[in-house]
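First, one chain by itself in structure tokens, the form predicted alone.
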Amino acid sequence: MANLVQMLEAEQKEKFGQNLPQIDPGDTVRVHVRIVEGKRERVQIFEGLVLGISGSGSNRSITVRRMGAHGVGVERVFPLYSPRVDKFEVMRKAKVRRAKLYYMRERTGKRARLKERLRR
């Protein structure tokens, strides 16, 4: 039974996660999400800070937070291997020392800045 589950997970990863970049907490990502409105389908972009990664295997998901209109924080959880998610783009990487950045919810303005990690 466990072997069947592993086969299904591997198939799902292969199908939806072909060009998945390395995503870590503290990264600023741009998520392209397919949205269906009636008969039409369009791609909506959600850009924000990755607060944390949860789950394992094909159930991995990331929590992304951005500042919306009038300074209201908006958080969304995106499954990494989902047919609704078109692609992930990593805009910048930050130097962080935690796996979950929930403390960023209380930070605004200059206090909400993270040091950029240089790419190698």
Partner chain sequence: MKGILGKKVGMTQIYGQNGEIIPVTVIEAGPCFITQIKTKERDGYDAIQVGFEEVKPKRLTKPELGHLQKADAPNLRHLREFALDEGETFELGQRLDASVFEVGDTVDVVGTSKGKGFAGAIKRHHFQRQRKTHGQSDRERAPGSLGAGTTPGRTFKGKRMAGRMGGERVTVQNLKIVLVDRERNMLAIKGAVPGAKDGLVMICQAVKAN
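Residue numbers count along the first chain shown, from 1. Worth saying up front: this structure is predicted, and the values here are computed from it rather than measured.
We do not show the form predicted together with the partner chain, though everything after this point is about it.
Q: Taking heavy atoms only, is E11 within 4.5 angstroms of the partner chain in the predicted bound form?
A: Looking in the predicted bound form, residue contacts with the partner chain include E11, since a heavy atom lies within 4.5 Å.
Q: How about P83 - does it come within 4.5 Å of the partner chain in the predicted bound form, if we only consider non-hydrogen atoms?
A: Flag for P83 set to yes.
Q: At 4.5 Å between heavy atoms, is S58 in contact with the partner chain in the predicted bound form?
A: Result yes; S58 sits at the interface with the partner chain in the predicted bound form.
Q: Heavy atoms within 4.5 Å of the partner chain in the predicted bound form: does G52 have any?
A: G52 lies outside the contact set for the partner chain.
Q: Going by heavy atoms within 4.5 Å, which of 22-30, 73-81, 91-99, 42-50 lines up against the partner chain in the predicted bound form?
A: Stretch 73-81 is the one.
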